[in-house]
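Below you will find one chain, with nothing else, as C-alpha coordinates; this is the form predicted alone, and questions on how it binds or moves follow later.
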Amino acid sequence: MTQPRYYFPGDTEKVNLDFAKLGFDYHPCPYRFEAVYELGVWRSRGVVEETSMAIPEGSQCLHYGQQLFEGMKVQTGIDGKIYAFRPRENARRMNEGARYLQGAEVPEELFIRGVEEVALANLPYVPPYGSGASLYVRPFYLGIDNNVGVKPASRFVFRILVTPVGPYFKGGFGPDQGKSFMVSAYDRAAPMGTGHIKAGGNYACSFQPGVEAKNAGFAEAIYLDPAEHKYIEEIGAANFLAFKGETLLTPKSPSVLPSITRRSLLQIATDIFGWPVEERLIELNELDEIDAAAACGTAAVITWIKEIADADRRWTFPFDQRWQKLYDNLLGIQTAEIEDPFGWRHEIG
(Lines give C-alpha, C1' and ligand atoms only; values in the text may rest on other atoms or scores of the structure.)
Protein backbone atom coordinates (compact mmCIF):
# COMPACT_ATOMS: atom_id res chain seq x y z
CA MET A 1 0.00 0.00 0.00
CA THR A 2 1.38 3.39 -0.92
CA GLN A 3 1.86 5.99 1.81
CA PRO A 4 -1.12 8.39 1.89
CA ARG A 5 -0.34 11.94 0.81
CA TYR A 6 -1.77 14.64 3.04
CA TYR A 7 -2.85 17.98 1.64
CA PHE A 8 -3.14 21.19 3.58
CA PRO A 9 -5.11 24.43 3.19
CA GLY A 10 -3.25 26.60 0.74
CA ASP A 11 -2.78 23.82 -1.80
CA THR A 12 -4.65 24.83 -4.96
CA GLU A 13 -4.57 21.51 -6.81
CA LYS A 14 -8.08 20.15 -7.44
CA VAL A 15 -9.28 17.01 -9.15
CA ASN A 16 -10.71 17.29 -12.64
CA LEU A 17 -14.39 17.53 -11.71
CA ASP A 18 -16.99 20.06 -12.77
CA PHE A 19 -17.97 20.82 -9.18
CA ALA A 20 -20.74 23.22 -10.20
CA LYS A 21 -22.60 20.44 -12.04
CA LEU A 22 -22.37 17.70 -9.43
CA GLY A 23 -25.52 15.97 -8.24
CA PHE A 24 -25.90 14.16 -4.94
CA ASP A 25 -23.97 11.11 -6.13
CA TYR A 26 -21.00 9.05 -4.95
CA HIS A 27 -17.61 9.96 -6.40
CA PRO A 28 -14.91 7.80 -4.78
CA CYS A 29 -12.11 9.67 -3.03
CA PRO A 30 -8.68 8.11 -2.38
CA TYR A 31 -8.81 7.93 1.42
CA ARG A 32 -11.12 7.15 4.31
CA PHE A 33 -10.65 7.04 8.09
CA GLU A 34 -11.12 3.94 10.25
CA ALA A 35 -11.02 2.90 13.89
CA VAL A 36 -11.84 -0.48 15.47
CA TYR A 37 -13.22 -1.29 18.92
CA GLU A 38 -12.34 -4.62 20.54
CA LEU A 39 -11.40 -5.84 24.02
CA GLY A 40 -12.82 -2.64 25.43
CA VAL A 41 -10.50 -0.26 23.55
CA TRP A 42 -10.80 1.90 20.43
CA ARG A 43 -7.77 1.54 18.14
CA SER A 44 -7.36 4.05 15.33
CA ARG A 45 -6.13 2.76 11.97
CA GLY A 46 -6.08 6.35 10.74
CA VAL A 47 -6.34 7.13 7.04
CA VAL A 48 -6.69 4.02 4.85
CA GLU A 49 -7.05 3.44 1.12
CA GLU A 50 -9.24 0.33 0.84
CA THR A 51 -12.67 1.05 -0.59
CA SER A 52 -13.99 -2.35 0.51
CA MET A 53 -14.30 -3.85 3.98
CA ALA A 54 -13.90 -7.42 5.28
CA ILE A 55 -16.21 -8.16 8.21
CA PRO A 56 -17.35 -11.44 9.82
CA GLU A 57 -20.32 -13.03 8.09
CA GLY A 58 -22.13 -13.30 11.42
CA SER A 59 -21.90 -9.57 12.13
CA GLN A 60 -24.83 -7.95 13.91
CA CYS A 61 -24.81 -5.08 11.40
CA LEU A 62 -25.69 -7.59 8.66
CA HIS A 63 -28.30 -9.67 10.47
CA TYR A 64 -29.84 -7.45 13.12
CA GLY A 65 -29.24 -3.91 11.92
CA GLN A 66 -26.77 -2.82 14.63
CA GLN A 67 -25.58 0.02 12.44
CA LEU A 68 -25.56 3.82 12.50
CA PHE A 69 -24.47 6.59 10.18
CA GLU A 70 -24.14 10.36 10.11
CA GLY A 71 -24.16 12.97 7.37
CA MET A 72 -22.33 16.28 7.43
CA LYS A 73 -20.54 18.68 5.11
CA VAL A 74 -17.08 20.16 4.77
CA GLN A 75 -16.90 23.37 2.74
CA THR A 76 -14.42 25.93 1.51
CA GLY A 77 -15.02 29.34 3.04
CA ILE A 78 -14.83 32.69 1.31
CA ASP A 79 -11.56 33.12 3.20
CA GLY A 80 -10.05 30.01 1.58
CA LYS A 81 -10.15 28.01 4.82
CA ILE A 82 -11.81 24.61 5.15
CA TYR A 83 -14.70 24.25 7.59
CA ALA A 84 -16.87 21.46 8.97
CA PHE A 85 -20.28 22.42 10.33
CA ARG A 86 -21.04 21.45 13.94
CA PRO A 87 -19.21 18.07 13.86
CA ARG A 88 -19.47 17.62 17.63
CA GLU A 89 -23.25 17.55 17.31
CA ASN A 90 -22.90 14.68 14.82
CA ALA A 91 -20.60 12.86 17.24
CA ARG A 92 -23.11 13.28 20.07
CA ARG A 93 -26.02 12.12 17.92
CA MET A 94 -24.08 9.02 16.83
CA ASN A 95 -23.30 8.19 20.44
CA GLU A 96 -26.95 8.60 21.42
CA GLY A 97 -27.64 5.95 18.78
CA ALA A 98 -24.80 3.75 20.02
CA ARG A 99 -26.22 3.84 23.56
CA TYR A 100 -29.68 2.92 22.29
CA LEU A 101 -28.30 0.02 20.22
CA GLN A 102 -26.15 -1.11 23.16
CA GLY A 103 -22.86 -0.43 21.41
CA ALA A 104 -19.57 1.16 22.41
CA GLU A 105 -19.60 4.94 22.15
CA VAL A 106 -17.08 6.58 19.80
CA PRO A 107 -14.93 9.03 21.78
CA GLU A 108 -15.83 12.54 20.65
CA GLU A 109 -12.22 13.50 20.04
CA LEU A 110 -11.71 10.38 17.89
CA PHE A 111 -14.76 11.35 15.83
CA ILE A 112 -13.44 14.91 15.32
CA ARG A 113 -9.94 13.67 14.54
CA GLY A 114 -11.36 11.34 11.91
CA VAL A 115 -13.31 14.14 10.22
CA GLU A 116 -10.23 16.35 10.15
CA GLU A 117 -7.85 13.67 8.87
CA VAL A 118 -10.11 12.38 6.11
CA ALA A 119 -10.89 15.91 4.90
CA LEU A 120 -7.20 16.89 4.79
CA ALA A 121 -6.20 13.64 3.08
CA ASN A 122 -8.82 14.28 0.35
CA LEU A 123 -8.35 18.05 0.07
CA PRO A 124 -8.29 18.06 -3.77
CA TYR A 125 -11.90 16.80 -3.62
CA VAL A 126 -13.15 19.62 -1.40
CA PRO A 127 -15.12 21.82 -3.84
CA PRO A 128 -13.94 25.41 -4.20
CA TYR A 129 -15.88 28.29 -2.69
CA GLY A 130 -18.71 29.50 -4.91
CA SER A 131 -19.17 26.20 -6.76
CA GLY A 132 -22.39 25.34 -4.91
CA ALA A 133 -20.91 21.95 -3.99
CA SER A 134 -19.43 20.54 -0.80
CA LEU A 135 -17.54 17.52 0.50
CA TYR A 136 -20.17 15.22 2.00
CA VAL A 137 -18.81 13.38 5.04
CA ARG A 138 -20.40 10.03 5.94
CA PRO A 139 -19.28 8.59 9.30
CA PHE A 140 -20.71 5.12 9.94
CA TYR A 141 -20.63 2.51 12.69
CA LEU A 142 -21.01 -1.27 12.48
CA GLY A 143 -21.36 -4.11 14.99
CA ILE A 144 -19.07 -6.87 13.65
CA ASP A 145 -18.99 -10.00 15.88
CA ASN A 146 -19.23 -13.55 14.56
CA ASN A 147 -22.67 -14.32 15.90
CA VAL A 148 -26.09 -15.86 15.17
CA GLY A 149 -27.90 -14.96 18.39
CA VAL A 150 -29.94 -11.79 18.79
CA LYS A 151 -27.57 -9.81 21.02
CA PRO A 152 -25.38 -6.72 20.73
CA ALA A 153 -21.89 -7.00 19.29
CA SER A 154 -18.72 -6.63 21.36
CA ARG A 155 -16.62 -5.41 18.40
CA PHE A 156 -17.28 -2.34 16.25
CA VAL A 157 -15.90 -0.49 13.26
CA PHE A 158 -16.10 3.28 12.97
CA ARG A 159 -15.33 4.52 9.48
CA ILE A 160 -15.68 7.80 7.56
CA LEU A 161 -15.97 8.07 3.80
CA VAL A 162 -16.22 11.32 1.87
CA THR A 163 -17.46 12.35 -1.57
CA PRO A 164 -17.95 15.69 -3.35
CA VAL A 165 -21.64 16.40 -3.93
CA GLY A 166 -24.01 18.96 -5.33
CA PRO A 167 -27.64 19.60 -4.27
CA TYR A 168 -29.69 16.69 -2.86
CA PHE A 169 -32.74 17.65 -4.91
CA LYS A 170 -32.05 18.39 -8.56
CA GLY A 171 -31.93 22.11 -9.21
CA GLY A 172 -31.02 22.99 -5.64
CA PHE A 173 -32.69 25.85 -3.78
CA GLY A 174 -34.52 28.87 -5.20
CA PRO A 175 -37.87 30.45 -6.05
CA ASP A 176 -38.02 28.45 -9.28
CA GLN A 177 -37.11 25.11 -7.64
CA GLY A 178 -40.22 24.13 -5.69
CA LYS A 179 -40.84 20.43 -5.14
CA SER A 180 -44.00 18.36 -4.82
CA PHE A 181 -44.38 15.65 -2.17
CA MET A 182 -46.86 12.83 -1.62
CA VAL A 183 -48.28 11.80 1.75
CA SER A 184 -47.45 8.12 2.29
CA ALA A 185 -49.60 5.44 3.91
CA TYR A 186 -46.41 3.73 5.12
CA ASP A 187 -44.52 4.31 8.39
CA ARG A 188 -40.81 5.12 8.56
CA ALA A 189 -40.46 4.28 12.27
CA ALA A 190 -42.41 2.68 15.12
CA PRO A 191 -44.02 4.98 17.72
CA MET A 192 -41.36 4.21 20.37
CA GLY A 193 -38.76 2.70 18.03
CA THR A 194 -35.55 3.93 16.41
CA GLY A 195 -36.86 7.02 14.61
CA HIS A 196 -34.93 9.31 16.97
CA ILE A 197 -31.54 7.79 16.04
CA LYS A 198 -29.83 7.63 12.66
CA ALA A 199 -30.06 3.87 12.21
CA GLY A 200 -29.88 2.45 8.71
CA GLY A 201 -33.06 0.43 9.14
CA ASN A 202 -35.12 3.63 9.30
CA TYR A 203 -34.05 4.40 5.75
CA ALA A 204 -34.59 0.89 4.40
CA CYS A 205 -38.24 1.41 5.38
CA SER A 206 -38.37 4.43 3.07
CA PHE A 207 -37.39 2.65 -0.15
CA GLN A 208 -40.85 1.33 -1.06
CA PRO A 209 -42.81 4.53 -0.31
CA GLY A 210 -40.06 6.65 -1.86
CA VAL A 211 -40.20 4.70 -5.13
CA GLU A 212 -43.98 4.90 -5.19
CA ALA A 213 -43.87 8.67 -4.69
CA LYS A 214 -41.27 9.16 -7.42
CA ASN A 215 -43.13 6.88 -9.83
CA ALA A 216 -46.18 9.08 -9.27
CA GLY A 217 -44.17 12.17 -10.22
CA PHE A 218 -43.29 13.49 -6.76
CA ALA A 219 -39.88 14.33 -5.31
CA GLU A 220 -40.31 12.21 -2.19
CA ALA A 221 -42.80 10.80 0.34
CA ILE A 222 -44.09 12.59 3.44
CA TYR A 223 -44.66 10.42 6.52
CA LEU A 224 -47.35 10.84 9.16
CA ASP A 225 -47.01 9.76 12.77
CA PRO A 226 -47.02 5.95 13.11
CA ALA A 227 -49.51 5.86 16.00
CA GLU A 228 -52.50 7.74 14.55
CA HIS A 229 -51.52 8.66 10.98
CA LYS A 230 -52.74 12.13 11.80
CA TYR A 231 -49.68 14.34 12.31
CA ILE A 232 -46.90 15.31 9.88
CA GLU A 233 -43.52 13.87 10.83
CA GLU A 234 -40.76 13.72 8.20
CA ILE A 235 -40.13 14.01 4.46
CA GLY A 236 -37.99 11.18 3.17
CA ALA A 237 -34.59 11.93 4.71
CA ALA A 238 -35.50 15.52 5.64
CA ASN A 239 -37.42 17.41 8.33
CA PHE A 240 -40.57 19.49 7.82
CA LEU A 241 -40.80 23.26 8.37
CA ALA A 242 -43.76 25.59 7.88
CA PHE A 243 -44.80 29.18 8.43
CA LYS A 244 -48.21 29.85 9.92
CA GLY A 245 -48.50 33.59 9.93
CA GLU A 246 -45.35 34.91 11.61
CA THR A 247 -44.55 31.64 13.40
CA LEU A 248 -42.08 29.01 12.18
CA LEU A 249 -43.43 25.53 12.93
CA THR A 250 -41.76 22.12 13.02
CA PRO A 251 -43.09 18.72 14.17
CA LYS A 252 -42.43 17.43 17.68
CA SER A 253 -42.38 13.65 17.96
CA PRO A 254 -40.28 10.91 19.63
CA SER A 255 -39.98 9.19 16.24
CA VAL A 256 -38.52 12.21 14.38
CA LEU A 257 -34.74 12.38 13.96
CA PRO A 258 -33.28 15.42 15.79
CA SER A 259 -31.82 17.15 12.74
CA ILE A 260 -28.76 19.33 13.30
CA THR A 261 -29.72 21.47 10.30
CA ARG A 262 -33.23 21.97 11.65
CA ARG A 263 -31.93 22.86 15.10
CA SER A 264 -29.55 25.38 13.52
CA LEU A 265 -32.31 26.97 11.43
CA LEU A 266 -34.58 27.31 14.45
CA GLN A 267 -31.82 29.02 16.40
CA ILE A 268 -31.12 31.40 13.50
CA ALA A 269 -34.84 32.16 13.30
CA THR A 270 -35.11 33.04 16.99
CA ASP A 271 -31.71 34.56 17.81
CA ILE A 272 -30.96 36.43 14.57
CA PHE A 273 -34.36 37.23 13.06
CA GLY A 274 -36.44 37.27 16.23
CA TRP A 275 -39.18 35.09 14.73
CA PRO A 276 -41.49 33.06 17.00
CA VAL A 277 -40.80 29.32 16.73
CA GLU A 278 -42.97 26.39 17.80
CA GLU A 279 -42.02 22.71 17.93
CA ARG A 280 -45.35 20.89 18.26
CA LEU A 281 -47.76 18.43 16.72
CA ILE A 282 -48.87 19.54 13.25
CA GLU A 283 -52.01 17.86 11.93
CA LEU A 284 -52.16 17.09 8.21
CA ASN A 285 -55.48 18.97 8.14
CA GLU A 286 -53.68 22.06 9.48
CA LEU A 287 -52.08 22.44 6.04
CA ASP A 288 -55.26 24.38 5.18
CA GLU A 289 -53.91 27.15 7.43
CA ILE A 290 -50.20 26.95 6.50
CA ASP A 291 -48.73 29.85 4.51
CA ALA A 292 -45.42 28.29 3.44
CA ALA A 293 -43.70 24.90 3.70
CA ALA A 294 -40.18 23.53 3.30
CA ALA A 295 -37.96 20.51 3.88
CA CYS A 296 -34.58 20.78 5.56
CA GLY A 297 -31.58 18.56 6.26
CA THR A 298 -27.82 18.26 5.85
CA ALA A 299 -28.06 17.18 2.24
CA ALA A 300 -31.06 19.29 1.20
CA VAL A 301 -30.24 22.38 3.36
CA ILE A 302 -33.67 23.93 2.62
CA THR A 303 -36.04 22.92 -0.17
CA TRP A 304 -39.21 24.89 -0.89
CA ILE A 305 -42.32 22.71 -0.88
CA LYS A 306 -44.70 24.00 -3.50
CA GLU A 307 -47.24 21.16 -3.25
CA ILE A 308 -48.33 18.34 -0.94
CA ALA A 309 -50.74 15.70 -2.21
CA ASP A 310 -52.79 13.22 -0.18
CA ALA A 311 -55.24 10.99 -2.05
CA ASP A 312 -57.80 13.45 -3.47
CA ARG A 313 -56.50 16.50 -1.56
CA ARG A 314 -53.78 18.91 -2.63
CA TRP A 315 -52.20 21.89 -0.91
CA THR A 316 -50.07 24.45 -2.74
CA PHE A 317 -47.67 26.93 -1.17
CA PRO A 318 -45.98 29.99 -2.69
CA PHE A 319 -42.27 30.63 -2.33
CA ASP A 320 -41.67 32.62 0.85
CA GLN A 321 -38.68 34.96 1.08
CA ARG A 322 -38.17 33.86 4.67
CA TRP A 323 -36.85 30.55 3.33
CA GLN A 324 -34.31 32.54 1.33
CA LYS A 325 -33.25 34.45 4.44
CA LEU A 326 -32.78 31.25 6.43
CA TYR A 327 -30.90 29.56 3.59
CA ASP A 328 -28.59 32.53 2.99
CA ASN A 329 -27.83 32.90 6.69
CA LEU A 330 -27.08 29.23 7.30
CA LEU A 331 -24.91 28.96 4.19
CA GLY A 332 -23.24 32.25 5.05
CA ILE A 333 -22.23 30.93 8.46
CA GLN A 334 -21.01 27.64 6.98
CA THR A 335 -18.81 29.39 4.39
CA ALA A 336 -17.60 32.32 6.55
CA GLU A 337 -19.45 34.88 4.44
CA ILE A 338 -21.00 36.21 7.61
CA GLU A 339 -20.15 36.18 11.30
CA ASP A 340 -20.66 32.94 13.21
CA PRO A 341 -22.24 34.10 16.50
CA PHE A 342 -22.81 30.52 17.68
CA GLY A 343 -19.35 29.01 17.19
CA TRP A 344 -20.66 26.43 14.71
CA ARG A 345 -17.79 26.54 12.21
CA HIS A 346 -15.02 24.03 12.89
CA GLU A 347 -11.85 24.97 11.02
CA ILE A 348 -9.88 22.07 9.55
CA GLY A 349 -6.13 22.26 9.08
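For every residue, the number given is its place in the sequence shown, counted from 1. Nothing here was measured: the structure is a model prediction, and the numbers come from that model.
The discussion below concerns the form predicted together with a small molecule, not included here.
Looking at 210 to 218, 158 to 166, 266 to 274, 231 to 239, the stretch with residues near the small molecule in the predicted bound form, meaning non-hydrogen atoms within 4.5 angstroms, turns out to be 231 to 239.
No member of the trio 177, 306 and 326 reaches the small molecule in the predicted bound form with any non-hydrogen atom inside 4.5 Å.
Site annotation in the predicted bound form: the residue of 95, 261, 147, 194 reaching within 4.5 Å of the small molecule with a heavy atom is 261. Residue-level contacts in the predicted bound form: of 100, 129, 186, 203, one residue has a heavy atom within 4.5 Å of the small molecule, and it is 203. Proximity of residue 296 to the small molecule in the predicted bound form: non-hydrogen atoms within 4.5 Å are present. Within 4.5 Å of some heavy atom of the small molecule in the predicted bound form lies at least one heavy atom of residue 257.
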